[in-house]
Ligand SMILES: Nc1nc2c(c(=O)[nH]1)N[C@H]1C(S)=C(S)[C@@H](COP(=O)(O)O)O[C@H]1N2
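The data below hold one chain only, encoded as structure tokens and taken in the form predicted alone.
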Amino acid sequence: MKTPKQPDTDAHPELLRAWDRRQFIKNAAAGTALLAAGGALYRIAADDMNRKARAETRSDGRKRLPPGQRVIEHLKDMGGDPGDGQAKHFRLRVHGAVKTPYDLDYAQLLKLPQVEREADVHCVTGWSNLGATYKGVLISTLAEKAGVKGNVRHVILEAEHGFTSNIPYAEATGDTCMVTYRMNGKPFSLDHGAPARGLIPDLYFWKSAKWITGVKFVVDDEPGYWEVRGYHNHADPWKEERYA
């Protein structure tokens, strides 16, 4: 029997749920589901993941797992006021100290150069999710298209309901920093920022604004929603920059 081809779920995200259901039924019929009595298997797996991560070193010399963090297998829902969540209503405004500000809808975002990056993310509450693959558009690509002016020093990620997060320009334009709409091949759920969110993996995860609506390039820093409420302005997990 010919294997069915997965539909283009980037351009047509509404097809993904049906595809996932089909694959789930197929896997269940093949007997691939695994049950663990009493949760013991999950506990052992979690301990192994933490030991392994603590023993690993990044290419920049830092430990893979920052101090005070523990590994979990899935992103936790950390709350916030969600946006609409529908790709057909998505709009991204790229503006600020740029020569050519512009707006993008979801289809236009997908037409820009796309990247896939493996990244670890670290929540200020103490959990880390490691090695997921994210797909999206680099913030550096958005900056280049807009013609960022030479005196820009910071990037402000804007999101629904007035939420913002501030990131130094040099870090926000790094090789893993993007507007992302896929994690491990699947769209984000509404709880995690659908249809697109920011990704700034080397800073605490609140900097990776969910339900993103804008990327603003600025000269002077503009502390964001959590920063003006007592959280650290920079938020480096390896320095445990949790609070101001």
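Numbering starts at 1 and follows the sequence shown. What you are looking at is a predicted structure, and each value in this text was computed from that prediction instead of being measured.
Beyond what is shown, the protein has a form predicted together with this ligand; the following relates to that form.
- Scanning 105, 73, 118, 77 against this ligand in the predicted bound form with a 4.5 Å heavy atom cut-off leaves one residue, 77.
- Among the residues 64, 192, 216, 182, the one placing a heavy atom within 4.5 Å of this ligand in the predicted bound form is 192.
- Looking at residue 127, you'd find a heavy atom of it within 4.5 angstroms of this ligand in the predicted bound form.
- Contact annotation for residue 163: at least one heavy atom lies within 4.5 Å of this ligand in the predicted bound form.
- Mapping the unseen interface onto this chain, residue 199 falls outside it, with no heavy atom inside 4.5 Å of this ligand in the predicted bound form.
- Shown alone here, residue 69 lies farther than 4.5 Å from this ligand in the predicted bound form, counting heavy atoms only.
- The stretch that touches this ligand in the predicted bound form, counting heavy atoms within 4.5 Å, is 77 to 85, out of 148 to 156, 77 to 85, 108 to 116, 94 to 102.
- Applying a 4.5 Å heavy atom cutoff to this ligand in the predicted bound form picks out 191, 192, 197, 205, 206, 208, 209, 210, 211 from 189 to 214, in order along the sequence.
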